[in-house]
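Presented below, as structure tokens, is a lone chain in the form predicted on its own.
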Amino acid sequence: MKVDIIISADDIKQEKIEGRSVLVIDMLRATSVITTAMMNGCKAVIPVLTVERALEIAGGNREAYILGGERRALRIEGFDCSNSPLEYTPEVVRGKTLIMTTTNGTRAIDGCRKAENILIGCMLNALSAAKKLVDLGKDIVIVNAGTYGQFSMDDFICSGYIIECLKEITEVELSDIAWTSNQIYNSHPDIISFIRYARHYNVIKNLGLEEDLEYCIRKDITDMVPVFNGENIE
């Protein structure tokens, strides 16, 4: 089973993902939000690219929908929730559909539509995501959302941990970049000693969101692995 990594939403090439199982990671924080919301009883997540599209889908039916997401790491005016996974409690999300737009994560998900399978991953569900990828039996591409089209250290080390999980389950053939990611994880298994140097980590920290950071580096707290079917994440 071959494993490769794409380092940002801007670097997604269709020939790299067609016929393969893709795992989209935006550890800080979109895929952590999606995983947490689904874990806590959210009915589905609709990822969209623009604020306007999110408002259009929600219309006047705000009982059925939650609007969530961010621009430049901050809550969007008029939205119910920001991009903090800690806001998506069972009381908020149970039985509702989350319409979500973020700077990086939802762009990465949208860019992977031609993949054979599209899974949503983060530290919170890494081992379960690895198991599901193996069960699907296809070569794997881990897509890092990145930050504003650039490489992101946090997504990269998360990929390395997921690769470590894959290695515990089956034999894998790693691309150079996948091997490098795994080596970085094995040198920093606590995660924080590496990502504390990341630009996006420090943006979130400077906004006073340390609890988000502490939550998003937790390993394997759920077996929920959301799947994108081209329209909804369920």
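It should be emphasised that the depicted structure is a prediction, and the values quoted were computed from it without experimental measurement. We number the residues from 1 along the sequence you see.
Unshown form predicted together with another copy of the chain; subsequent notes refer to it.
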*Interface stretch in the model of the complex with another copy of the chain - options 205-213, 25-33, 40-48, 171-179, non-hydrogen atom within 4.5 Å*: 171-179
*Proximity to another copy of the chain in the model of the complex, single hit among 159, 83, 152, 106 (heavy atom within 4.5 Å)*: 152
*Can any non-hydrogen atom of residue 220 be found within 4.5 angstroms of another copy of the chain in the model of the complex?*
no
_At 4.5 Å between heavy atoms, is residue 194 in contact with another copy of the chain in the model of the complex?_
yes
*May I ask you to check whether residue 57 falls inside a 4.5 Å heavy atom distance of another copy of the chain in the model of the complex?*
no
*Though only this chain appears here, would residue 198 touch another copy of the chain in the model of the complex if you measure heavy atom gaps against 4.5 Å?*
yes
*asked:* Using a 4.5 Å cut-off on any heavy atom, which residues of 3-21 would contact another copy of the chain in the model of the complex?
replied: 4, 7, 10, 11, 13, 16
